[in-house]
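Below you will find one chain, with nothing else, as structure tokens; this is the form predicted alone, and questions on how it binds or moves follow later.
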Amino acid sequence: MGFKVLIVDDSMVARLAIKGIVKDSVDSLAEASSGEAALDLLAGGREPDLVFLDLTMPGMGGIEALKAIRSGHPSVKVAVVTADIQARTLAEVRACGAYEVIRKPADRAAVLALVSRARGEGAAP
């Protein structure tokens, strides 16, 4: 079955950056350009082990998408990827069930360490 990752970001450049980092560390990789598209994939039975989720997107924003993913798919780990690292934002995403927060632009070592932890290969965050 393998380890599955979903990258959700309205920026194709941001999706490609994370994809370039994780592609050799995961077994399956999917992308969505919006929160709505991500939820459609999940509803269609494509439940990943880990989601990289942007916070600032048109339409359904990251907070709303995070809440929906955590509500409907509680076993899915969601890593929020954002440039907004204000304490209030970090507290809100953690309260909504984020597995971890990764700062944009995504750091290769941090992303790979997160994938390893999410796979159960490292210490919990």
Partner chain sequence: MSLGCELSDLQLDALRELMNIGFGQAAAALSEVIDLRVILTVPKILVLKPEEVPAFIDAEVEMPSSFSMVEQFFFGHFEGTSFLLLPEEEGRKLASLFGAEAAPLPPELETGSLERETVVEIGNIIIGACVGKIAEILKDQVAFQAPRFIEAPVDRSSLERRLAGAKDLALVFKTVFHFERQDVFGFLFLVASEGSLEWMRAAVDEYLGSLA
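Predicted, not measured: the structure shown is a model, and the values here were computed from it. Positions refer to the first chain, counted from 1.
This next part talks about the form predicted in complex with its partner chain, which is not shown.
In the predicted bound form, at least one heavy atom of residue 10 sits within 4.5 Å of its partner chain.
Put simply, residue 16 is close to its partner chain in the predicted bound form: some heavy atom of it is within 4.5 Å.
Taking the partner from elsewhere, residue 58 is found to have a heavy atom lying within 4.5 Å of its partner chain in the predicted bound form. The shortest heavy atom separation between residue 117 and its partner chain in the predicted bound form exceeds 4.5 Å. Note on the partner interface in the predicted bound form: the residue among 64, 31, 36, 84 having a heavy atom within 4.5 angstroms of its partner chain is 84. Taking its partner chain as it sits in the predicted bound form, the stretch 85-119 comes within 4.5 angstroms of it through a non-hydrogen atom at 85, 86, 88, 89, 92, 103, 104, 105.
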